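First, one chain by itself: the form predicted alone, in structure tokens.
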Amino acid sequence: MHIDDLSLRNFRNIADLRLTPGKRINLLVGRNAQGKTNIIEAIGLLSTGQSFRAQDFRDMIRWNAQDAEIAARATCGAGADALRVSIDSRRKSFTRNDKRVTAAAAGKFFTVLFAPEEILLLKGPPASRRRYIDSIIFQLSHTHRSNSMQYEKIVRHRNRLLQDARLSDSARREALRPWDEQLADIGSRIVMARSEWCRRINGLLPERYRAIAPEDAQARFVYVPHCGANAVEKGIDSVKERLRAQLEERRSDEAVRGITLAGPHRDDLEAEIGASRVKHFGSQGQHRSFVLALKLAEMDLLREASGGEEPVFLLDDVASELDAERNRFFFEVLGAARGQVFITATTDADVRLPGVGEISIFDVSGGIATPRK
């Protein structure tokens, strides 16, 4: 899988950019705030239908512009596709080969993103880890994306009912009944999908971690569903029943707090090395090694899911976050892989790619990317 050409118009600080990347390593070099990360973000948006930075899609439109556009030609084993994202004040719209598609079907190429924020993935709030596992599943399952969007609507509806002071207790309970059933139904599907894909990640993670830290115990990324691991082990019907029971158990607390207190939006994931939780007991080096191994396992997973095609790797200024040894290991892995890679850095010296012949370097300044001769 690779991007053959890319163009951005009125995207972030970029007025008009055209890029013809190489099929292997593409190094985007420039000072901060020049547009390097915006290029990475645009490629990710084409692939996944989502930005890893923007809470509001309107923030991606250049200041004083009315709309923005990203376009690319992407090639995979099935052939080439013309992809386009158009953004205005009302919506994001996606086309593939000039036909409208949903965000879930926006791209036909997989991407793996490694950004500085993800170094803090294990220390941050549970929501960041839920977003991480969901972002992987979204690329592999349109159903999971649809279920997640529907689930968010269900929770919003429940919360509005819980916060409606005009309703009596009995009226609120009656109004919540259909939403409770929908939460249990859709929520159980989300739980089972997360459990399955975490299982697959954990089939790949230990080997990747062992290559980085051979003296450490086995690494695992453990799914901690709010409904309980026992319910998940028994299957989707058990999860559904447990979610119904939890909603009933938290009925009084929900009425007081005005929010939904049961469901997969309260799940977590925990990094473990041996019997120890990395969040509480891991060293700074173990945190970095675990996240690095997780990203490499993600790359393996997407490669398997695509029948052996390499995903596009998006590496945003992470070289500065890794120590010399992990930096060396990481770039050796990227050099040995055969996929297309986009790397942002403030200087060439941040990136060490031993044994890689095909490197395309672009100097990025003021939203313009100039190929280096």
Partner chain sequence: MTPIDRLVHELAKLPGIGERTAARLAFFILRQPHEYALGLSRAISDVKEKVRLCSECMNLTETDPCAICSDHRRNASTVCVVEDPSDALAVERTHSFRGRYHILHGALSPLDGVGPDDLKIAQLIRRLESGSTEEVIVATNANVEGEATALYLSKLIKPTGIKITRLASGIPVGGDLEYIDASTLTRAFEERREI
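The structure displayed is predicted, hence computed values, not measured ones. Residue numbers count along the first chain shown, from 1.
Omitted from view is the form predicted in complex with the partner chain, to which the following refers.
is_contact(Pro178, the partner chain) in the predicted bound form, heavy atom dist at most 4.5 Å: Yes.
Ile154: touches the partner chain in the predicted bound form, heavy atom cutoff 4.5 angstroms: Ile154: contacts the partner chain in the predicted bound form.
Any non-hydrogen atom of Glu174 within 4.5 angstroms of the partner chain in the predicted bound form: Glu174: contacts the partner chain in the predicted bound form.
Lys108 within 4.5 Å of the partner chain in the predicted bound form, heavy atoms: No, no contact at 4.5 Å.
Heavy atom within 4.5 Å of the partner chain in the predicted bound form - residue from Ser146, Thr75, Thr95, Asn202: Contact residue from the list: Ser146.
Interface residue in the predicted bound form among Ala231, Ala115, Ile186, Ala293, criterion: non-hydrogen atom within 4.5 angstroms of the partner chain: That would be Ile186.
Residue stretch of 256-264, 191-199, 158-166, 211-219 approaching the partner chain in the predicted bound form, non-hydrogen atom distance within 4.5 Å: So the stretch in question is 158-166.
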